[in-house]
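Shown here is one chain on its own, the form predicted alone, set out as structure tokens.
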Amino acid sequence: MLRTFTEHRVREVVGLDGMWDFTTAEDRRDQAVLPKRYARSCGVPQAWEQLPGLEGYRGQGWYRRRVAGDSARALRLVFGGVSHTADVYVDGTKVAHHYDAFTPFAVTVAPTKRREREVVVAVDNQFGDHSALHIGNDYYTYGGLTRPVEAHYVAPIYIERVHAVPEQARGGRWDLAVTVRLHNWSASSGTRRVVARVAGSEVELARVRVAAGATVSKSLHLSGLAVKAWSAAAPQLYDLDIAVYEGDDQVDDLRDRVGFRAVAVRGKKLLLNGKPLLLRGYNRHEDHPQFGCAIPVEAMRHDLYLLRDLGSNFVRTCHYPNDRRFLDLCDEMGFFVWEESHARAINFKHPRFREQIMDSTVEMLDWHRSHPSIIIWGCLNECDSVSRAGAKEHARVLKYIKKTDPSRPVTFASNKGSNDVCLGLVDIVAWNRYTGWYGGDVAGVEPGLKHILKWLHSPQSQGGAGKPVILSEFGGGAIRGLRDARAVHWTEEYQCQVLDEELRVYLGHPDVIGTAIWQFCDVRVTPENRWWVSRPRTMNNKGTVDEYRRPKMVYDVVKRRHAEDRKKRGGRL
């Protein structure tokens, strides 16, 4: 399943998770576009690195699965994520191309009289000129169909997407702005009735005409809803049901979930439902030694249990959009999320950069916009925010996000300090600072923050003055089990010293509204890159827990500091 709940009751949906035929370029002996034979099988969702013999495979693979044909309904294939480049073939014909492991995509194929259809997905996880975002990096690019896949059988006019934006109204009530996007795959225009229902209220569009082959978006507004607000303490969710009727017959449906909450920035404060909000949490990569990036929902839930035990209410999805099931869990459990489109220190001059960063950003907003847990949109982590050319790229992406979804603040995580020229573009200033790890010592944490804040709230920051601040990355590494009374680098003792001082300073500062420790768990890095392979164990070892989620000594330090912070604020997260 693509979600943690059932999205359709009228539309027929067939989950395609399970075993697919599979082969690699090294297995093949033919020169055809598609393989003549498949030497292996591979699970879906699964990273192919979990197969014996493919632990470090960077190359091409082909997946094959047969699905039922239908003569009246189109086949809509929905992919949660393919890492990192996919070409989709149905009955031998290429029907879709997609780049980026971390955003969903879908393709709709016309009906057939065949009883059975062949679906083949060609997957490539190689680095090269075709890939601006997936590069050798401080996290690993896996290969495969790494998120769930579904086959939908859709009527000629069907729901392609639904977006829901809550708005606070008078008297403690809420309004809901809903946009429904319909697509007509048939050769004839048609008129349909669209009904939206939520929390006992209903609104209808009597006649929506969709031309042949066209896509139409229509807005609906539900007013004065008597609902409970969504928050970390009470993550109340409501079913939003969209129904499409042809005459009196319901021909399609979609269910999403809505959390009624409003996010705003006022001066140096971040507000949730009009009240100041403090974010306490972690950066988290989708990475696991048993599953790669194809993490089962049970393991996702376990991560969130640990984060809650640590006293966290906040997750940054560094450095890419996350699996929708993880976002569903955050909706359900009351975690605040900063989600960002895929980028980490990438080259703006790469010939595919502009196309690929915008595709990632567009798809992130299109597929994930209705999640109440997402309260901040981000982009372009540690990229060029010091040059005039770099500022133009930041402005292009940030302005698109803000125009598309003005209901959330925007930011990017910067490691450029007082050299940054892009802080006038954001609603929230976010800094990655590793005082005591990459530079300086632990004693420099407090004076370093004081110095950079003084610069920020001055005219020299070029638009950053007076804005909220999040410490978006900080911390230090440790090898679990490496103990030394001298507390040298890579010992658990030194990691404790670094984070204890950082949390003491950051949690208590009135200008800091959020902290995101780097990072939740140790993760695999790219071994092909000389810089990253120099890391011990070829891992980023800054986790509070190791890759198997076993706590390090620093776990108790973080838990204690978060508990002290809550106590000062009357027990609130």
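The shown structure was predicted, so the numbers you read here are calculated from the model rather than taken from an experiment. A residue's number is simply how far along the shown sequence it sits, counting from 1.
One more form of this protein exists, namely the form predicted in complex with alpha-D-galactopyranuronic acid; it is left out here, but the text below deals with it.
Student: Using a 4.5 Å cut on heavy atoms, which of Thr411, Ser312, Asn381, Ser360 is close to alpha-D-galactopyranuronic acid in the model of the complex?
Tutor: The residue in contact is Asn381.
Student: Would you mind picking the one in Phe127, Tyr434, Tyr245, Phe353 that has a heavy atom within 4.5 Å of alpha-D-galactopyranuronic acid in the model of the complex?
Tutor: Going through each option in turn, the one that passes is Tyr434.
Student: Is there a heavy atom of Asn540 lying 4.5 Å or less from a heavy atom of alpha-D-galactopyranuronic acid in the model of the complex?
Tutor: Yes.
Student: When the contact criterion is heavy atoms within 4.5 Å, does Tyr438 count as touching alpha-D-galactopyranuronic acid in the model of the complex?
Tutor: Yes, Tyr438 lies within 4.5 Å of alpha-D-galactopyranuronic acid in the model of the complex.
Student: Although alpha-D-galactopyranuronic acid is absent from this view, report whether His134 comes within 4.5 Å of it in the model of the complex, heavy atoms only.
Tutor: No, no contact at 4.5 Å.
Student: Is there a non-hydrogen atom of Arg535 within 4.5 angstroms of a non-hydrogen atom of alpha-D-galactopyranuronic acid in the model of the complex?
Tutor: Heavy-atom contact with alpha-D-galactopyranuronic acid at 4.5 Å: present for Arg535.
Student: Flag this candidate site as yes only if Asp138, His319 and Arg344 all have a heavy atom within 4.5 Å of alpha-D-galactopyranuronic acid in the model of the complex; otherwise mark no.
Tutor: Yes, the whole trio is in contact, each within 4.5 Å by some heavy atom.
Student: Mind telling me which stretch in 271-279, 205-213, 381-389, 77-85 gets its heavy atoms within 4.5 Å of alpha-D-galactopyranuronic acid in the model of the complex?
Tutor: Result of the contact check: 381-389.
Student: Within 468-505, which residues come within 4.5 Å of alpha-D-galactopyranuronic acid in the model of the complex, counting heavy atoms only?
Tutor: Only Glu473 sits within 4.5 Å of the partner.
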